[in-house]
Ligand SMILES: Nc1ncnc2c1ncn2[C@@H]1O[C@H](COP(=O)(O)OP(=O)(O)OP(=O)(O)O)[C@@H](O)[C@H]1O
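In the block that follows, a single chain appears as structure tokens, in the form predicted on its own.
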Amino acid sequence: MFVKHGMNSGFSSLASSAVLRRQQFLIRSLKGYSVSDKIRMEAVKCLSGGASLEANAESVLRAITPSLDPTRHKGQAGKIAVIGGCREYTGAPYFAAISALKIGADLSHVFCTEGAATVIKSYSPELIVHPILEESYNISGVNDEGKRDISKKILSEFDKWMERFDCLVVGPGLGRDPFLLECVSKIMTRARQSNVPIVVDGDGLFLVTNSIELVSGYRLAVLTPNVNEYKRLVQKVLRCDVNDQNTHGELLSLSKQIGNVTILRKGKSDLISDGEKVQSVSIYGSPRRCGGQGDILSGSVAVFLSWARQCNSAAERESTISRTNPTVLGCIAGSALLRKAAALAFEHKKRSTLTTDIIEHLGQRYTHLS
């Protein structure tokens, strides 16, 4: 269901019953997920709070997922690149890149610093790792002209691969080194010139918040802020504090102000807006909030966004979906799948649930939709 923001939220009792039935179906769709009646009621209550904006996530997932066709060749199901990974942070880019593969992308690349490359490679042989990025500490003795040459070389190396990618994920484990961020800014600008979608998360949001022109007006960009990252964005762009009494209107205004960039505000209910409408994904996930789930989300959104763009035949989709921004569809699908996988992982591991457990359940939760 896609409802324009600003419409009267009052529903007839019949409409409310239909929404409630759909919400209960979504909860039941968590196969084998055994929770107490109290938790189930809380999940229904959470869904009901945003009934007028709740996306039909199951329909979106089914509509944009390509069939497994033996005539298709390697690469047609998606080629994703993650820009991130430095000597301090190696887990985040791995989580994003491997999640893309687990969902169904054919190829997943990671562009990182040399200090992170060997570690990331050791996590999985499935990833294609490019150690081309540089940090300031590595070039401390280089003058300004030398640094410009290094920056040009990094951009040239990335350009060799740019046209192969269906989507970039910028930010997981990127760090905040000034030289590294400057190089990534140039990569983002080049990706924008090449019309490649960009999902921005983690330290990529730090970069964008301080250089909003990198994404402003780019309709193929997606920002995925958590509560603190969203607060900084609002303060920077809208020049005010977050208004918890007008979450939907504020998100709509923020997206419009950045030129209709799609924003996925992470929270108890994930809110999504492209400046034209607001959508909510409130499927019950997991009470365990281990670090790394945002990285799974960014990798997932990248895959679903690329699939949504490939859906050229309106006959293969519901009419409402065929008219929806592919960045919004990617956010809805990525959010829904992560929540369902987190629910399954929590069922098995409870309080000891880790990000790697959730990743292992991505495919299991997705099998019935293939």
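All residue numbers refer to positions in the sequence shown, first residue = 1. Note that the structure is predicted; figures quoted are calculated from it, not measured.
There is also a form predicted together with the ligand; it is not shown, and the following applies to it.
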Practice item. Determine the site state, open or blocked: transfer the ligand from its pose in the predicted complex by superposing the nearby C-alphas, then count ligand atoms within 2.4 Å of any backbone or C-beta atom, with 3 or more meaning blocked. Key: open
Exercise for review: Determine whether any heavy atom of K266 comes within 4.5 Å of a heavy atom of the ligand in the predicted complex, and answer yes or no.
Suggested key: yes
Practice item. Determine whether any heavy atom of P178 comes within 4.5 Å of a heavy atom of the ligand in the predicted complex, and answer yes or no. Key: no
Point to revise | Contact label in the predicted complex: S185 to the ligand, heavy atom within 4.5 Å | key: no
Practice item. Classify Q257 as contacting or not contacting the ligand in the predicted complex by the rule of any non-hydrogen atom within 4.5 angstroms, answering yes or no. Key: no
Exercise for review: Have a look at V110, L133, I198, L297 for me and say which one sits with a heavy atom within 4.5 Å of the ligand in the predicted complex.
Suggested key: L297
Exercise for review: Taking 4.5 Å between heavy atoms as the contact cutoff, choose which of G291, P125, G146, G217 touches the ligand in the predicted complex.
Suggested key: G291
Check your understanding: Of 186 to 194, 267 to 275, 134 to 142, 233 to 241, which is the one stretch near the ligand in the predicted complex, taking non-hydrogen atoms within 4.5 angstroms as near?
Key -> 267 to 275
